[in-house]
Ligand SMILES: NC(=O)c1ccc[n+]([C@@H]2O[C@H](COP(=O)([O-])OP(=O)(O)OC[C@H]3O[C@@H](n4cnc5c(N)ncnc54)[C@H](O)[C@@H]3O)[C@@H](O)[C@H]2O)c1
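What follows is a single chain, given as structure tokens, in the form predicted alone.
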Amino acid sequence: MVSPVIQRPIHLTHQHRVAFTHGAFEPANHTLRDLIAEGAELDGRGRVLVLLDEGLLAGNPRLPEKIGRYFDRHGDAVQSVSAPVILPGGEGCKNDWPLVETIWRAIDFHKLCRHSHIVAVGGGAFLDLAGFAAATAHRGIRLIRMPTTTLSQGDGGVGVKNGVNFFGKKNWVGTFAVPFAVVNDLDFLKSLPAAACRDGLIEAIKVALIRDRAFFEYLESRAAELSRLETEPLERAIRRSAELHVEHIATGGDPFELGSARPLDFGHWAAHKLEPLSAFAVSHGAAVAIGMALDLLYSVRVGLLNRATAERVIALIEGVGFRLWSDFLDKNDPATGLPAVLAGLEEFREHLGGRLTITLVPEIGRKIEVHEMDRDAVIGALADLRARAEASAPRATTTPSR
């Protein structure tokens, strides 16, 4: 009997490349030029559209002109189709659907094809936006990501996910797409505000906590220098974080997250809810720091983690400069009277495809997945987190009357 089903495996090979450099747009630096030339070797000069995060201009006001000079200098191999297209960045850009259409219109106007290149220069949210537009135009245009923050260079910018927010939910619309390349120019970190520079450290702590005890101990040993954002340990932390993220994507067996396990999202179920609860006033890094601390204290309450280890990890998070409380955690759901952040569990379950899978840490360097969270224990962990914050808050002093 002939089978009614035609079934054949499809094997795809993706090359995931992350280059580290300094001064990517200096004329003598060939990193970007050579990547584009390699991609265009069968098509002649590589045609490029540069998308630039507007937020970069505060610390790099001459960057558009610098980019223009770079492509002029390498015009034998690459052709920039226009001056950089400057667009808003930050988490707000992912809530602004017309920006997707703006990028599509630029791609259409300049007649870019699937053999052209989009070079997106900016923070993680901006790369999510640009990556979604590039992945959906012509079913996918080659994307070169140039992350410019510690958070994106060590985490989101080196991944294979992109998307925008919809229905008030993080990354509700998006795709999985392996970028043509990622170029991490570490010089961009010098112009970051201190808070934005610090944000990437939480993802380094996170990935060390779930994958690499030796890296965690390195971060612990350099906590004082990292809190001061000193260059050498900061760059080393970002590079190792990126390496561990790429290693997980390449070897974890589920790069496009067809299953429900997302170990790299440790601490994220609460973070993804806290961000919209604050109207994104709480940055992603600050929200993840709080989410990690919450899950560590929850793990202590349910007997998965000993208190000494939890305190050790929390001490490192606080030691590099994170405050582990937000007043937005005080918001309650008007229908239930429960903390509004708890809705993050249901939204996370939906985002994972219907089965709740939360990564927790039973010891430094090892993870486990659980498929349910005890609501009362989560509420108790929130109370623990608040108590810690209140105990560490500076006490008001009164001046005695004369």
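One-based numbering along the sequence shown. Everything quoted here is computed from the prediction, not taken from an experiment.
Here the subject shifts to the form predicted in complex with this ligand, a form of this protein not shown in this document.
Checked against this ligand in the predicted bound form, the candidates S191, T102, T309, N95 yield a single residue with a heavy atom inside 4.5 Å, and that residue is S191. Of the residues given (G319, G90, G252, P233), G90 alone sits with a heavy atom within 4.5 Å of this ligand in the predicted bound form. For the three marked residues, L56, D128 and N171, a heavy atom of each sits within 4.5 Å of this ligand in the predicted bound form. Remark: P276 does not count among the residues lining this ligand in the predicted bound form, judged by a heavy atom distance of 4.5 Å or less. Residue contact with this ligand in the predicted bound form: A204 places no heavy atom within 4.5 Å of it. Among heavy atoms of G267, none comes within 4.5 Å of this ligand in the predicted bound form. By the criterion of a heavy atom within 4.5 Å, L151 is counted among the residues contacting this ligand in the predicted bound form.
Partner contacts here mean any heavy atom within 4.5 Å of this ligand in the predicted bound form, and among 223-231, 321-329, 287-295, 154-162 they occur only in 154-162.
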